[in-house]
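One chain comes next, on its own, written out as structure tokens in the form predicted on its own.
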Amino acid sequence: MFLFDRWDLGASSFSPLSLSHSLTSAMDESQIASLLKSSELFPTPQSVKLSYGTAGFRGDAKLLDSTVYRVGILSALRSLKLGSSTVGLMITASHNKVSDNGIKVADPSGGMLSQEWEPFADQIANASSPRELVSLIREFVEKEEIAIGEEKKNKSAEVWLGRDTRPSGESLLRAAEIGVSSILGSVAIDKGILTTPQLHWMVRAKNKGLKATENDYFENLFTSFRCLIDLIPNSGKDKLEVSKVIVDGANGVGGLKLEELRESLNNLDLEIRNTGRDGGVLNEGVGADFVQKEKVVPLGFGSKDVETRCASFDGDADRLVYFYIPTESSTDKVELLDGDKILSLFALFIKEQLNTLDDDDKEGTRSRLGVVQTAYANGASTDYLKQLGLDVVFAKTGVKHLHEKAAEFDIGIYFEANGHGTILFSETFISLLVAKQKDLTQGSEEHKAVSRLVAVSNLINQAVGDALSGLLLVEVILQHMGWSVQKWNELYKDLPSRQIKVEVPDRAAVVTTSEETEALKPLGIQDAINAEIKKYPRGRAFIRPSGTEDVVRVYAEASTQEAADSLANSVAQLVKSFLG
């Protein structure tokens, strides 16, 4: 038994008996001992305040040992709470610099950690002492009625761990393993180096009772891609010469995994650059975040690539953007096809298949296809989607909010401009498609349309945005349409836009609607913004408080860059006058 009286637990009259009495209402003494002993290995860094968000916890890798250890504890508790379902833990900092790292939880559904557990994540990550940590865990376990220690009987937690290629990943993974195993009977399984979407896919598949190895992930991508290639109309094959696509792997894990997959992709002329094998630095002058924000070519691209179709992954391969270099006279600038353009291509293709089925639908039971965007989506993309007759809805900024909205449709497509997004198919709708596939005459246009939709549901990663599966779906749709990247880019022309950050004394003074498109407080500011918007052709602007710093973010767009800049500056002045 661990000696409790070794610890300074903040009480002058402390005794082992008093600790046992105060903490064992939800946990037995052996469980308390396990937590106290392991937490001694990971003291919390001083003056570091952490908050769990869409990206989980992120920061300087040197300061994250205790955080990763504690999220290991949380993941084991999450598994027990959900009937010992498998939970995932991904160690990554995505598009952040290589010296950073982070950790986030994949729920059994393959989605992100339930928002209801985020406050608990914050509490234990910031607990300043072992006693405070154990006390917080005890209170939470009691509130959530989670059986641990002797009370859990035959149930045990199972947590799958993955990491990207960062040098700090291996040691942080060990911290996560210790955190998981400190909940007695819990098992941590190291799945090795993975993309973030791979781990989410594997966790989702495991809990659905499906094959869930990395090889199964690759096999699923290849099989569904091959099916869609086989279903390309002859007219599409005639219209497009199969051309090369060059992928920027951000010197991260995505390029390495794409190399593994390439061996099976006979129908794709694929070149991969920035794999990290040649000494390139993760996310430094490369990757989806860099290309999307800077609108310049990543390292390793130049005049030899003019007019060639190119794509960029981010560091952990959950974001995808496309680009091409338009002219030889300016080989540093790119024509960007961001998440909005990818969403539009996906929506157009899926609507085409649904139209084929709806035309044949004698019972009038039409499917609900919905598109989910944030207020940051370019207004030209929203106009284009509405012109297609699609149901466009807005969600609060953050992938978890978009995902939740998309799940309300039979087929829901969501993307952020940064290239993170996916397509969700409801289980009911998939069952209807599979049944219809069996009833329709093989080779008929209706049968082909159903088969394409089923294949898309298998190819796309329905757990989370996935650059690998997204790349394959873009490529097969372009072949289906017979389109070059330039033709795709002509779907609509982005409106010029500008974003500004305004420092304010209290960002909480700004309250917006749930879609963040209008400000409810301070009173009168929205009327003032609307008055400014009216001065500019195709003007649109909104403000929203930052989630992490005392600034208010201003977004504006208009028919010209000069107008967008002017509108943004005018709205920024309004923010200063109302909140200054």
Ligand code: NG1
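Please read these numbers as outputs of a predicted model, since none were measured by experiment. We number the residues from 1 along the sequence you see. Rigid core here is just the name for the largest C-alpha set that superposes within 1.5 Å across the two forms.
Below: the form predicted in complex with this ligand, not depicted.
- Annotated contact segment (heavy atom within 4.5 Å of this ligand in the predicted bound form): 539 to 547, selected among 63 to 71, 539 to 547, 524 to 532, 28 to 36.
- Contact check for residue 416: a non-hydrogen atom falls within 4.5 Å of this ligand in the predicted bound form.
- Although the partner is absent here, residue 48 lies well away from this ligand in the predicted bound form, with no heavy atom inside 4.5 Å.
- Taking non-hydrogen atoms only, residue 493 never approaches this ligand to within 4.5 angstroms in the predicted bound form.
- Not displayed here, this ligand is approached by residue 95 to within 4.5 Å at the level of heavy atoms in the predicted bound form.
- Checked against this ligand in the predicted bound form, the residues 444, 387, 355, 499 give one hit for a heavy atom within 4.5 Å, which is 499.
- For the options 438, 487, 211, 293, the residue carrying a heavy atom within 4.5 angstroms of this ligand in the predicted bound form is 293.
- Annotated contacts: 81, 200 and 401 are all free of this ligand in the predicted bound form [non-hydrogen atom within 4.5 angstroms].
- Residues of 48 to 62 that come within 4.5 Å of this ligand in the predicted bound form, judged by any heavy atom, are 54, 55, 58 in sequence order.
- After superposition on the rigid core, the Cα of residue 405 moves by less than 2 Å between this form and the one not shown.
- Residue 138 shows a C-alpha shift below 2 Å between this form and the one not shown [criterion: core-superposed Cα displacement of 2 Å].
- Once the cores line up, the CA of residue 57 ends up less than 2 angstroms apart between this form and the one not shown.
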